[in-house]
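Taking the form predicted on its own, here's one chain by itself in structure tokens.
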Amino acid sequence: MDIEQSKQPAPPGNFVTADAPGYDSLLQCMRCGFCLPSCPTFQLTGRERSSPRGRVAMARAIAEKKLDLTAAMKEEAFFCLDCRACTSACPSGVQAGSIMEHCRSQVARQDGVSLSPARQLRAFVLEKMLPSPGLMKNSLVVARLYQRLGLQWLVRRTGVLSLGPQWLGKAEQMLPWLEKPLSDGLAELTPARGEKRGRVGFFLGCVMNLMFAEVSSQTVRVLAHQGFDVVTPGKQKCCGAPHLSEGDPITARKLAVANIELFMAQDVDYIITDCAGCGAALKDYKKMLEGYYDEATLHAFSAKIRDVSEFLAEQGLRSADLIPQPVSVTYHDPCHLAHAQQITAAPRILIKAIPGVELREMNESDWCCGSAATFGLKYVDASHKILKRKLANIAATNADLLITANPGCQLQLAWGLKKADMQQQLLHIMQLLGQATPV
């Protein structure tokens, strides 16, 4: 199905394509300022243009032909963390993060085709590499060899990357120890254990598959222990979140259609993900494909999507045979779970259901950690300043473990904990639950 053949309205004002912010969404902002205390970039800079209402005001001026797509708008479109905390705080429900995603697509299209190495690499990653599970897996073979042949030890020992761009050194330091992709060894059907409660599909995200395979293997094991057949289709694609973040909605829509058609062909009651970023993107397919795809199918697909913590809290956790875990934990709310999906209670319900676990709430638990897709590498210093605020709140709890539920947060927080010489161990919530689940 060629979804790009669907007729779309002309772009408003000085925007360049139909993938522009809807004018009605821009009119929602009343400039009340409730968003200002919740915005990390405004708190960091104090600049009005770096606030949600400032960014929306610029986008509105472009739509009304009062402003061109200026360098300031281009910068702010990407300087926005897209953490959605402003939406949680906004009495009018203004979707400033979504508006900035649309603005990023305008920037990408306005800049057009470029022969610069950076633009060519971006196009290759978004249009060729991420849509291809095979290419994604092959790309990590080199990284695994880099670790296992001792090159990583040598690079870190010599500090040679300090001679290069700042983002490269940070990216290398964030790289976790890589195992084989989970998709290589995971059966398409993992049968339920004990009394069967249902049948679910498992959306295995790219980063979870390649960098956090142990987390997702625990997710499948926990779901099976909880009484669910787990179907993991082998031909699933990237969820499209990286493309939306980088201003490529066209590829994102193509990936969305492929995933919808794959999972709707499965006989499953729900579609589960253990990646907050993937969950937010999957739940956004209905909006993303509005006008491009069958509305009834979009509605049916959206109704099946659940974050794993959301799902287990809804279904009720079987906790009678869980192994006690005598530890204190604190929980960091991933932005795309707490704000994009409005899920905050479910992870805490699961944590508290594990015998022996003491939950110590941190201050500002839903404050962004500064990862925000590629923000942490594009704006290394700003990202680190945002992270320091989070680390101070973590340290104040004096908890044994730091728990979260998103791979981007895991990479950023693990890097921050190590850099600050903090002793907390970092786990995904499904790793904690997996430790408590009998074999």
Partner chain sequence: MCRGNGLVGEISVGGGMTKGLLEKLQRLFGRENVYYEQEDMLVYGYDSTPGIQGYPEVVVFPTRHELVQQAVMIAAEEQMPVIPRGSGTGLSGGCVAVNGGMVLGLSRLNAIREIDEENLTVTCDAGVVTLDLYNAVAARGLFYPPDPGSQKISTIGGNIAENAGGLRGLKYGVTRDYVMGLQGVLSDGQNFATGGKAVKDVAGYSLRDLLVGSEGTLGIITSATLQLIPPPQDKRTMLAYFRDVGSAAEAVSEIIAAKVIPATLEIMDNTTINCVEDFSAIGLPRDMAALLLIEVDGHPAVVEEEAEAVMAILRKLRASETHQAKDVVQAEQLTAARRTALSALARVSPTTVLEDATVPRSRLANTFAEIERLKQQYSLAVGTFGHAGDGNLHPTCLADEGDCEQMSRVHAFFDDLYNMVLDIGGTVSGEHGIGLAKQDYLRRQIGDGGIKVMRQIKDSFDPVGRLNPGKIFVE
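Because the structure is predicted, anything quoted here is derived from the model rather than measured. Numbering follows the first chain given and starts at 1.
The same protein also exists as the form predicted in complex with the partner chain; that form is not shown, yet it is the one meant from here on.
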property: Contact stretch among 67 to 75, 298 to 306, 215 to 223, 270 to 278 - heavy atom within 4.5 Å of the partner chain in the model of the complex; result: 67 to 75
property: The single option of 89, 288, 250, 353 touching the partner chain in the model of the complex, heavy atom within 4.5 Å; result: 89
property: Non-hydrogen atom within 4.5 Å of the partner chain in the model of the complex for each of 344, 357 and 360; result: no
property: Non-hydrogen atom contact residue 382 with the partner chain in the model of the complex at 4.5 angstroms; result: no
property: The partner chain contact in the model of the complex: residue 392, any heavy atom under 4.5 Å; result: no
property: 4.5 Å heavy atom contact, residue 32 to the partner chain in the model of the complex; result: yes
property: Partner proximity in the model of the complex: residue 58 to the partner chain, non-hydrogen atom cutoff 4.5 Å; result: yes
property: Heavy atom contacts to the partner chain in the model of the complex at 4.5 Å, residues of 285 to 314 in sequence order; result: none
